[in-house]
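There is one chain below, alone, in structure tokens, taken in the form predicted on its own.
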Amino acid sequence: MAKYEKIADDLRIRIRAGEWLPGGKLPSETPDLTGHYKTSLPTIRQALGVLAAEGVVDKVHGRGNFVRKPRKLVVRTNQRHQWEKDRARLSDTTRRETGATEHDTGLTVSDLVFSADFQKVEANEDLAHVFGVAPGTQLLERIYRTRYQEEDAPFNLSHSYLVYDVVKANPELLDPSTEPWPGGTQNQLFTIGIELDRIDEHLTARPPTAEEAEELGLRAGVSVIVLRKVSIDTGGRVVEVSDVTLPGDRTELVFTTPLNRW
């Protein structure tokens, strides 16, 4: 093992042991760290570079190196969909109290910064196949970003698609100013007489694109989890498709599968 790797290991252990707390400043590169480890400045910087790439430390130009504050964890379970369905027919006041993001993060509505952008698009071959419609069919694309107000990066990158001719029955569903919608998509669908029977979720992982890494605030080496969520109504029709890109360094996926007893 190279010397810089040994130094990185030692600093990592000391950080995990609480010698420096999140947000705390590490000793200076020189003379503190070079003197402690009896090595050169380039070696210390290599070690700190390893920790920076792992997301353990942040280097702030002109100020030094700091223990990175952990980003708010998002725990996403498959039980969230039943939770949403149970709330879909509740009063507006009750639905406004909390939403799926609050459910997944433990935050409150006032902790969040939300944005929504809607546009009319044509279904490509992929989406047309999933919806069971002809390519070129008009869809409503809804682009959502939600972040913790104390952080810069959103929890995920979400693109939701609905068949335009289906949702236009309620003009409010076409207006991004109505977002965040109390009760989420399941209540929106309820307003046009649609009840969901099931939700299929397909998960894959891959390296992020440069644009995804920048928007999600990802460090080198952190993958993204790509989720395709397909919502199917009680008649077997696909009524909504969401493509969600989740950062691998702050997302925990939990699947609970009830098993019938013998």
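The first residue of the sequence shown is number 1, and the count goes up from there. Keep in mind that what you see is a predicted model, and the values were worked out from it rather than measured.
Same protein, other form: the form predicted together with the DNA, not shown, and the subject of what follows.
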In terms of non-hydrogen atoms within 4.5 angstroms, which of the given stretches 203-211, 34-42, 190-198, 220-228 touches the DNA in the predicted complex? 34-42
Decide whether K69 counts as a contact residue for the DNA in the predicted complex under a heavy atom distance cut-off of 4.5 Å. no
If you check in the predicted complex, is E54 within 4.5 Å of the DNA, heavy atoms only? no
May I ask you to check whether K59 falls inside a 4.5 Å heavy atom distance of the DNA in the predicted complex? yes
Report yes if any heavy atom of D233 sits within 4.5 Å of a heavy atom of the DNA in the predicted complex; otherwise report no. no
Is the DNA close enough to Y4, Q46 and G64 in the predicted complex that each of the three has a heavy atom within 4.5 Å of it? yes
In the predicted complex the CA atoms of R45 and T209, compared with here and shifted by at least 3 Å, lie closer
